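So this first bit is one chain, no partners, the form predicted on its own, shown in structure tokens.
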């Protein structure tokens, strides 16, 4: 059973900045807050500033300016070991000469937890990650997934107010990574701990986080729920990073609270409402899975936005077919369902999608 999120702001980061010289910014004025028990994912490509932000929160780096507060208390000048936080590192950082039990106990000793309290807390932490039967084993005797669980147990056993996770699943294979992210989310739900996760994996952020901070070039591009970041990216960078491959330039023909009409090189399309003036040059984005194929000569029902094109390439991806559609000199990508008869995905086709799935991007 997961603990409910509270409305209480617990972690506050305000205008946090750090430069690595005159022209290199690690972080440029990041601000966000997290509620008690909320899981925040810092998502973005390598070099975007997400690890810098995590290390600033942990106290491993000192900001040029800005502030960090936990439960209203400023952390300015507070060293890492006094911030009541624990970190799970990318390489797990387990002690190879210590058993699982002693690796987990290390944090309790460092925090000077009374000896009589250590055993039940170790037992609880190992039970939480499903390693009660592996207490006497050594890291070299464990799989990658088991080592990751030991690292998580070692962090959780000290009962930190905030858990920091620095790409904890990046060293695991694809299948194990998928199962472990589910397990991490379940553990965080059960404990109700506030957590900040660094990842470059879009799907990992969508599964684990309550909210995502999408980052680029040391700045936060967008903050939102997984659904908002995935379905409604605000910028071209955000759209492309979240695998929106259909991005078209155009100009606004008209717009009101009901929607916006945009003229592009391949046609005029209805979009979600946006606050832009008529005649403005903009870009619109449509996810590949939101576009649908119907035969160009059929009477099949289609959505308001539609164009006719020709299938140039079709590749099988297991759960869908990836189609490259040529439309008046432009190439669009469609993820179409796999069916017993894929002949409809060839030749001339009608491509159709909803105005609600057509989003205007900020320049």
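Numbering follows the first chain given and starts at 1. Source: prediction; values computed, not measured.
Separately, the form predicted together with a further copy of the same chain exists; it is not shown, and the next lines address it.
Taking the partner from the other structure, a further copy of the same chain in the predicted bound form has no heavy atom within 4.5 Å of any heavy atom of residue 303. The closest heavy atom approach of residue 149 to a further copy of the same chain in the predicted bound form falls outside 4.5 Å. In the predicted bound form, residue 32 stays away from a further copy of the same chain, with no heavy atom inside 4.5 Å. Proximity of residue 259 to a further copy of the same chain in the predicted bound form: non-hydrogen atoms within 4.5 Å are absent; the residue sits far from the partner.
Only one segment in the set 201 to 209, 68 to 76, 127 to 135, 249 to 257 has residues whose heavy atoms sit within 4.5 Å of a further copy of the same chain in the predicted bound form; it is 201 to 209. Using a 4.5 Å heavy atom cutoff, none of 101, 115 and 121 lies near a further copy of the same chain in the predicted bound form. Among the residues 283, 270, 177, 234, the one placing a heavy atom within 4.5 Å of a further copy of the same chain in the predicted bound form is 177. Residues of 222 to 238 that come within 4.5 Å of a further copy of the same chain in the predicted bound form, judged by any heavy atom, are 226, 227, 230, 231 in sequence order.
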